[in-house]
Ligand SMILES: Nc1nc2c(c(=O)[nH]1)N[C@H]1C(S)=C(S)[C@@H](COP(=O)(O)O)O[C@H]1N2
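To begin, one chain is listed below as structure tokens, in the form predicted alone.
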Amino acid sequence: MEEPVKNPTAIDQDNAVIDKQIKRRNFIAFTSFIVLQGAAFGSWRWLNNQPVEITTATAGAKKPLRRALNKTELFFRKMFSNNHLVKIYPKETAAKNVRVNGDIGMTGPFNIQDWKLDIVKASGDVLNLTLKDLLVLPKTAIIYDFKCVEGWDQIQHWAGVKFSDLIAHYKLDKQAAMEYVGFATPDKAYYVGVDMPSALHPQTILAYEMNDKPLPLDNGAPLRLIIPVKYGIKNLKRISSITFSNTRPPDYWAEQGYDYYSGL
């Protein structure tokens, strides 16, 4: 049997019901959008009117934002483990032209032949090392996805000495028992502070090679920090000094309002 054909009045009634449902959904969607936009704008205005944090090892951020960042850091530090390793890639996938991003701390006169690494102990004693001192230690290579807070990433190939191997070789256990380690460039214009667990992570290295060749000047020669569990802002180029402390060392970008931890 053929289905009965609806009369025009029934069709009009069905269309009216459908139109009503569409209008209702559009109204709900539009109203939700307006409410969410209003809430976002209100939150932005509220945050923008909050006082700026008191300057310590961090600065420049609104107080509520810094509190949120610090709580996030505590959460991730509790979850941190040396068993959590970043993904390693095949050597052939590494970028041949490694991106150079930033030259803070590397713009002044510099003679690579005069370079040395000063490791400042808690006692005040200073251990002076040359590149030759580092080259005799076991070499570790890593090929991973370097990530920048600006949103770009690149697979890169680095090699050098593990920070943990440096600590062990020079018997710096007392220094490594502290909470933080600080790194700085020769002119002290760029400096970072890193939590000790991240510094001692098995994939953290002091790199002196890139793509199986000596580190280029623009990429931080003769020695730079490669710390895969952090964003690029922590990967200091041209390291000349290392310090240890139980309080946050100065950090260039944290003083500009960025997250101190900067972990991935």
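Throughout, we count residues from 1 along the sequence that is shown. Not measured: the values here are computed from a predicted model.
Keep in mind that the form predicted together with this ligand is not shown, yet the notes after this line are about it.
From the list 114-122, 77-85, 168-176, 185-193, the contact stretch for this ligand in the predicted complex under a 4.5 Å heavy atom rule is 185-193. Of the residues Ala199, Val229, Ile233, Ala221, just one reaches this ligand in the predicted complex with a heavy atom at 4.5 Å or closer; this is Ile233. Within 4.5 Å of any heavy atom of this ligand in the predicted complex lies no heavy atom of Lys91.
In the predicted complex, this ligand sits within 4.5 Å of a heavy atom of Trp158. Of the heavy atoms in Ile104, some are within 4.5 Å of this ligand in the predicted complex.
In the predicted complex, Tyr180 stays away from this ligand, with no heavy atom inside 4.5 Å.
Contacts between 111-126 and this ligand, taken as any heavy atom within 4.5 Å in the predicted complex, involve no residue at all.
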